[in-house]
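First, one chain by itself in structure tokens, the form predicted on its own.
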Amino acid sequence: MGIDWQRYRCEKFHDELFAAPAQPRAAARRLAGYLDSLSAAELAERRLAAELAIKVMGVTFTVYTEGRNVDRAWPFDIIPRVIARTEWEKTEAGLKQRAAALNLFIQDLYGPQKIVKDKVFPAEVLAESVNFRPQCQGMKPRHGIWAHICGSDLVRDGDGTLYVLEDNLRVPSGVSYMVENRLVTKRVFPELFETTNILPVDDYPTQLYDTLAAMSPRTGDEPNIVLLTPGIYNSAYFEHCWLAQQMGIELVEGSDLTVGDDDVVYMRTIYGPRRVDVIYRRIDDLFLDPEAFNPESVLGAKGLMRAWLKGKVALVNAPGAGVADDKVVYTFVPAMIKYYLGEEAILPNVPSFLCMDPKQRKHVLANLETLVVKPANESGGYGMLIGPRSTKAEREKFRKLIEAHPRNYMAQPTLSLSTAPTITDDGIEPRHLDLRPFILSRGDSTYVTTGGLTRVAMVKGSLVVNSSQGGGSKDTWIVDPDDDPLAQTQTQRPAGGTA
């Protein structure tokens, strides 16, 4: 006896796999039918096999808790999230459009600032940006690309609309888990990959290497590319090691790099110094170069900014790209798309309120119990107020924060985030999720991952999907229902029809 999908209650929210109980969406029919054929014991065995595979593969992430760094096995749910290829093609086009506009915006801000002079982007927002780097003014990186790697978070509301929730352009992380999720799923459900046309994700390391190589200031020779990590205590250290290994490049720390009198970056090796052409840095701006930023930093290397500004090395993502990684700046992205590209945004933003605007601030302060309030530059789900789940004391705290520094806050309605079937200790239940695709920009072309990292709020009713706060993840399948004869058979019996 398989899963009784009639008992899976998905009516309250838009569910990614089911339109109604026992009525799978076209793209998910093959998956739902397959899961229906498994007994509860078989499903439990597959779940256990996934947990074992994750431990054997060493897939971990680090949580900072109570002053300690704790390595944990990557939390993973074996039931994939499925998206139809036709929908994904539109999403991919929207992400490419967004990345193009953001790169033009960043280049403009460090150049003539036309968008400010034309009053499309407020000067006061730029004036109070904590991620604007005056050291970058006048710089134009190779191909005009600042945010080579972008991770844009997408969420689906109750009516099925896919929104962009935020853009991550400083040091976006999570792509290694996207690929590892696929490897684990192939081990757990090998039969499905033989019968279902699931678009691959394993070409990401090759695409990333090509993007990095395209930024090399030296043409003709094979570039020497390194990945700069803060070290073993960073929460994304597993990913740093994984990406370096997959691309066949050196994993280095700041102490491994020096900048010579010729402003060229060199890597220490047992054979002597070796020139570095491209640095994929996983270190925040302020720790990158003690000469240009924080003089106390021991994570970066002295002179890296000097070498970059003189065109002797490529830094990916470019310093200063974080000026667009700001939740207040985010609200202006549709206007940027119109301004720079002359196009309407393909993917909508979540409706937002800017607390710096007196009228919008008044609305936010009057409706704190129904809104999500976010600080401009926090990440990982920290520093937010989720109004419907907040206490009166928390709302009063945020009221004072907003009134003291309105530029630093924006608010959005509480979305009815979509759900997907997830295995829990109480059976298969809906859990809220989001999606982080990764966009690679290299000037002559743009690459978008087929799907991305689906993050799941493993706690019942929670909207917080971040792994640092108890979230997990799923494999994300982009499938073509036209290739599935079951999806074309409208008279197919409902999944879970065990009667």
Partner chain sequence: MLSRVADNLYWFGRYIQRAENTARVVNVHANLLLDLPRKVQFGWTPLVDIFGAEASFRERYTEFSEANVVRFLLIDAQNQGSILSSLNAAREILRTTRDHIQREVWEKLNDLHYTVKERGEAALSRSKRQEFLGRVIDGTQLLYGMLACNMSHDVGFQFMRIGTSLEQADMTTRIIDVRSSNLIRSGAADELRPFQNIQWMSVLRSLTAYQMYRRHARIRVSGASVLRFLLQNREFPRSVTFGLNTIAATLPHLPQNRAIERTVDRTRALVHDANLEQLVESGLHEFVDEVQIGLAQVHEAVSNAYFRL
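Computed from a predicted structure; not experimentally measured. Numbering follows the first chain given and starts at 1.
Keep in mind that the form predicted together with the partner chain is missing from the display, and what follows is about it.
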item	value
Contacting member of V350, M247, L192, M267, with respect to the partner chain in the predicted bound form [4.5 Å, heavy atom]	M267
Contacting member of P134, G220, G272, G138, with respect to the partner chain in the predicted bound form [4.5 Å, heavy atom]	G272
The partner chain contact at E166 in the predicted bound form, heavy atom, 4.5 Å	no
V459, heavy atom within 4.5 angstroms of the partner chain in the predicted bound form	no
Close approach of E180 to the partner chain in the predicted bound form, 4.5 Å, heavy atom	yes
E429: touches the partner chain in the predicted bound form, heavy atom cutoff 4.5 angstroms	no
Region of this chain that lies against the partner chain in the predicted bound form, out of 368-376, 237-245, 139-147, 82-90 [heavy atom, 4.5 Å]	237-245
